[in-house]
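To begin, one chain is listed below as structure tokens, in the form predicted on its own.
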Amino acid sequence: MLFFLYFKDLVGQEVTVELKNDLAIRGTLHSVDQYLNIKLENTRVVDQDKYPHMLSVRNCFIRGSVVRYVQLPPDGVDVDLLHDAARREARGG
């Protein structure tokens, strides 16, 4: 639940999602659900030479179970908020 709430605050910002098959997609975070499924808009592939068939994709839905990493914008990381939320989770509430 911690990450879900954090990602909901990032809606509208640009993120890069790296998938387990090494495909990295950059785009604007449109929505995220409790399973960490992600919908991106205005997408582009980071390594266009390796994945030329993905050049025409502009919007995509990514199943949460295939996500390896989500790279956040540097200004989008509120370290104090993350620390507080992690402490609350560790205490069980």
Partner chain sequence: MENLWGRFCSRATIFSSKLDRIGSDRIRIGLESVTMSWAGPEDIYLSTSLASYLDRKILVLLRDGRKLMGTLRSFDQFANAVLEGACERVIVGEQYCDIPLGLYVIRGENVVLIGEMDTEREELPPHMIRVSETEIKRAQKVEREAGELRGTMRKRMEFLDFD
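Numbering follows the first chain given and starts at 1. Please read these numbers as outputs of a predicted model, since none were measured by experiment.
A second form of this protein, the form predicted together with the partner chain, is not displayed here; the remarks below concern that form.
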Problem set entry | the partner chain contact in the model of the complex: F4, any heavy atom under 4.5 Å | yes
Problem set entry | 4.5 Å heavy atom contact, K8 to the partner chain in the model of the complex | yes
Exercise. So, in the model of the complex, is V57 in contact with the partner chain at a 4.5 angstroms heavy atom limit?
Worked result: yes
Exercise. Taking the shortest heavy atom distance, is V46 within 4.5 Å of the partner chain in the model of the complex?
Worked result: no
Exercise. Would the partner chain be touched by all three of R68, V77 and R88 in the model of the complex, meaning a heavy atom each within 4.5 Å?
Worked result: no
Exercise. Which of the residues spanning 8-42 lie within 4.5 Å of the partner chain in the model of the complex, based on heavy atoms?
Worked result: K8, V11, L19, N21, L23, I25, H30, S31, V32, D33, Q34, Y35, N37, I38, K39
